[in-house]
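First comes one chain, alone, set out as structure tokens in the form predicted on its own.
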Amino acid sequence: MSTETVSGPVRPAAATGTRSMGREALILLVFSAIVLSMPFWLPLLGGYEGLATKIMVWAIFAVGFDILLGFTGLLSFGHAAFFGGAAYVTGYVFRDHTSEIIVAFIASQLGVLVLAAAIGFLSLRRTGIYFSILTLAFAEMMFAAALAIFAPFTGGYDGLTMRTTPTLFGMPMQGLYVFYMGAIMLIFGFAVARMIKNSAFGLMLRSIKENPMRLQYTGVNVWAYKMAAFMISAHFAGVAGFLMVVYEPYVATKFLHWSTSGEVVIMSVIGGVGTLFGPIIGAGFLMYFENVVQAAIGEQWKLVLGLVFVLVVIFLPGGFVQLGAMIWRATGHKVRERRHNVPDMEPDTQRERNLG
């Protein structure tokens, strides 16, 4: 066998890998430039510095949620448990122990991972709507416990208020310092999510979303993959909860409320489930709506947002990302077709038997 015959097929594969790496690097570079420059261009749209930080926080939350919903097809209505849980641990550390964010970060993430392991172990035994309701039930149990049983530690309805300013090795973390810390975490989290998406693990998650029963038939431990996705998603939510308390040293009871879980679902659906970019766009859109548009139109903003949500679900099941693809296609460019469905039920058992 000649050298040309052996090396022939290798060159295209290597070239494809190089192009793929270059494309990912370019995506991350452009994304980083947009995120890091937000304090400069957001005020031109009527925003402000604090809004940029809030967008960073919710974008991290939404990216992690997309790993669970968009990749794995698991709709959780209880992710507020991890967001609020991390926030309460962070606030407790700041209030009673130290103002150092490194200590608070480690404590909050350890707490979230333990909580996610417990909730995931119980919830992932069920699928579809049963899984969604179980996650909602656990989150609401935590909310009720924070207001009653653990009120001496959580502050009850008043929440937790810290009198100290969070610090990083003694340096006060306020204003743009918090924003850039959140921006770095978002960029890193986005890069990790892209790596997951393009990895064999991410391919397995998407396979679970499409047809978990067939994977079980081939001997794949589907529950273990779901658990891994659930833990990763919970970690992202915990990072977001931690950052929210660093930004504003106050833990509100709303952080554990079901409406917090609902907001991240709305962000994902409006932006585009399963795209990573979409939920980030959805987070920015919703935060802008709540903080800027609300000031212009008053309480009617909820009615307008509901109308936008309905229109997106009916006419743009792929969210704003699909709208962007439609515009791009209209200019004569090619766009790879993608499915927008998010299956939440097990495939029909009898049909699987027939196919098998």
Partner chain sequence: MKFTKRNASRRQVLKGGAAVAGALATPHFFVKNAWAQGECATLGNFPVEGPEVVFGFSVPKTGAYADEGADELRAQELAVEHINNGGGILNTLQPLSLTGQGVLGKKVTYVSGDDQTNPDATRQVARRMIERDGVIMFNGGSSSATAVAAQSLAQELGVVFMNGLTHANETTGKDRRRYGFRQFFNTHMTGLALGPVLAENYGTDRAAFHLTADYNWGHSMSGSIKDATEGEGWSTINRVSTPLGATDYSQFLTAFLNSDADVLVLNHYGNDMVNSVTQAVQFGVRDMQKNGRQVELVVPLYSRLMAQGAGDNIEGVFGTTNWNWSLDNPGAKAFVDSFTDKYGFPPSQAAHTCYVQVILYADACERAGTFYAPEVIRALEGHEYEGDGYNSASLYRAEDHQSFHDVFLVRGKSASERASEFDLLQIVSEVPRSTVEYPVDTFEGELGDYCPTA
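Please read all numbers here as calculations on a predicted model, not as lab measurements. Positions refer to the first chain, counted from 1.
Only in words, not in the display: the form predicted in complex with the partner chain, which the text now covers.
Out of the listed residues Ile280, Ile119, Ile270, Met244, Met244 is the one that sits within 4.5 Å of the partner chain in the model of the complex by at least one heavy atom.
Exactly one of the stretches 318-326, 63-71, 26-34, 297-305 approaches the partner chain in the model of the complex with heavy atoms within 4.5 Å, and it is 297-305. Taken together, the three residues Tyr48, Ala252 and Phe255 all come within 4.5 Å of the partner chain in the model of the complex, as judged by their closest heavy atom. Mapping the unseen interface onto this chain, Phe153 falls outside it, with no heavy atom inside 4.5 Å of the partner chain in the model of the complex. The partner chain is not drawn, but in the model of the complex it has a heavy atom within 4.5 Å of Thr161. Among heavy atoms of Gln174, some come within 4.5 Å of the partner chain in the model of the complex. Although the partner is absent here, Phe169 lies well away from the partner chain in the model of the complex, with no heavy atom inside 4.5 Å.
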